[in-house]
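Below you'll find only one chain, the form predicted alone, shown as structure tokens.
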């Protein structure tokens, strides 16, 4: 639906791209496609099969939003092993319980649009880069950078548990600009010093449980090793 929210901008994009498969808006849908945008993450056997078919039927696969990119809120429960999921490539999926995982747990992902919701500006940037043959790059800086650019007051200094220093930018610091601490919906950026930020939060008086809950909310899969470290500290 965010595609439709692009309004006039989508008309410019449709000069270069056609929509062959859009079940919310089209009665007849076709595969294969050049680019597949997949929102959400599989939570059962049938959805894994569908995802594998989409991967095989598309040249480029884009994970759309937090659930697809990092597992999102559903990924708070995680017990499925990657090898078990990948077995479906060569046969029928095993009869095992499915726990939510990021899409790249099951298939190769070419690009990711992070966030809950993802940024429409980044969506346009990604599609434009694909059209002109340019490699789209993830933002490799923190939400704090965007807070500084917007001259937001630091919510950490106000005593709030904010994940802005370790969370990937690209959202234009929307939450923090409105006085709400960053919940980390875009996941950590590559060079984030996560352990150092955890120590800052602990020194501020937050409990281990509060910190682990915050880290787990959107990106458990990305933080599970550091969460295990925190438990042992």
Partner chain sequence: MKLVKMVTIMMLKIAKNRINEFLAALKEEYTLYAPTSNGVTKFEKIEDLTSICFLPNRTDISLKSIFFPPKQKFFRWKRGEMGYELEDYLDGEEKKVIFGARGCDIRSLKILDMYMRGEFSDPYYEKRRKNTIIIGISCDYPRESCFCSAFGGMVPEDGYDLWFTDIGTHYFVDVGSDIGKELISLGFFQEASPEDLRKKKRRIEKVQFEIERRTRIDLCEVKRCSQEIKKKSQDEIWRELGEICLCCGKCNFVCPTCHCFDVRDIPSFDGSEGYRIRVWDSCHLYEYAKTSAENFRKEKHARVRYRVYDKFVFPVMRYGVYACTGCGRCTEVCPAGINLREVLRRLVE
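Positions refer to the first chain, counted from 1. None of these values were measured; they are calculated from a predicted model.
Keep in mind that the form predicted in complex with its partner chain is missing from the display, and what follows is about it.
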Residue 43, heavy atom within 4.5 angstroms of its partner chain in the predicted bound form:
no
Does residue 107 reach its partner chain in the predicted bound form if we count a contact as any heavy atom within 4.5 Å?
no
Does residue 34 make contact with its partner chain in the predicted bound form, using a 4.5 Å heavy atom cut-off?
no
Does residue 136 reach its partner chain in the predicted bound form if we count a contact as any heavy atom within 4.5 Å?
no
Candidate spot 3, 20 and 60, all three in 4.5 Å heavy atom range of its partner chain in the predicted bound form?
no
Students should find that, of 160, 116, 73, 145, the residue having a non-hydrogen atom no more than 4.5 angstroms from its partner chain in the predicted bound form is 145
Given a 4.5 Å distance limit between heavy atoms, list every residue of 118-132 close to its partner chain in the predicted bound form, or none if there are none.
124, 127, 128, 131, 132
